[in-house]
Structures are given as structure tokens and as C-alpha cells.
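A single chain comes next, written as C-alpha cells; it is the form predicted on its own.
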């Protein structure tokens, strides 16, 4: 998926959070976003997701003005916190994934994703029995159920042990090689195994974007 932002500013009430941000990603690019708490990272993501309403012609997804964009099924999103999820509801991992699938991913592919993220044995487990790291990986698999063209991940390795962090980056890098555009928010870019092509540094709502040579093949 192609993404283009042009002079995007956004705020809440009288407080400006994002200031005149412009950048462009081609299909298959991998953007890592870094910045201190409160720098505007999550606000930017919500603008790209259409959650925050922005003026016309500020954001384009696959060359479509975001205010006219309809194909949201093509975007997979894993937030850092799942505030809208009812953890008290008795539901299994398989049931969550089945409810999120619209026919694009086969049963075999679903099991492969579970296996690659190290949670295949948890497919029949009630979500209330999962650790935070296990639940995070379930929601990563859920985001893949419709074979998204764009995958947005907000601090996806928080609470995940080192072995499964390696699994995660291997999987995400493979998806990127398959042509999926990735946007990843992380607090630790130095130890990241992501094969990113662009780095954005957000500071007090202002963005600096740098294109870098991807580390192809390092974590396949």
C-alpha cells in the first residue's frame, strides 16, 4: 500500500499534537517510528487509520483521499493497548481469529501464523488464561487474517520474551518481503531486528524522516 501525507497538522481542543508532517511510502516500504512519550506517535497512527478525522487531501492511501477511502479491510492494526476488548468474555484464541477472518486466510495459513509466532498450542485456550505477551501475539495473528496490504504495529514486542521477539521480527520481515507495507512504533530501535527502509523521529509533534538501506536477509 502506498501512503502519502502532505503538511498534516492535528490537535485536540487547543493543543497541537502534530505539526506540518509530510512523507511518502511506496508499497513494500518499512517505516519505523521512534519518539518520546507524548511526541505524537499514536496520534499519527490514528490519523492514518481514519480514527482521527483530518482535512481533505492531507492523507492518501493507494492514491485515494483518506476521507473517501473504503477498503479498511486491507489494513491490519495491532495497538499497544486493547482498550475496546472485553477480557471478561469467555472466548478462545480460535474464536477470536475466526471472528476476524473474512475468507482471505485459509485454516492452514492460520495455523502457520500461530506456529510461527509460537502460540500454536494455545489455539483452544481461553484468552483469560494467556499472559500479556501471548495475548499480544494472538492480536498480531488476528491482524493478518485478511492478508493486509498495510500492517501497523504499536510497540508490538512489549511484554514478549526474547525468543518470541526474534520470531516476531522474522515474521514481520517476511511479510515485508512479500510486499506488505509496514509501520512499526518501537521504543528500542537499536535492538530491533526489523528490516526497515525508513526511520521517522517524532519530537514535540515535528517529524524527521530518513530513508535507510534495509538490512535484507538478517532475520529471515
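Computed from a predicted model, the values in this text were never measured in an experiment. Residue numbers count along the first chain shown, from 1.
Here the subject shifts to the form predicted together with a small molecule, a form of this protein not shown in this document.
- Contact with the small molecule in the predicted bound form, defined as any heavy atom within 4.5 Å, is confined among 171 to 179, 22 to 30, 35 to 43, 158 to 166 to 35 to 43.
- Contact between residue 98 and the small molecule in the predicted bound form is not found at the 4.5 Å heavy atom cutoff.
- Shown alone here, residue 80 lies within 4.5 Å of the small molecule in the predicted bound form, counting heavy atoms only.
- The closest non-hydrogen atom of residue 17 lies within 4.5 Å of the small molecule in the predicted bound form.
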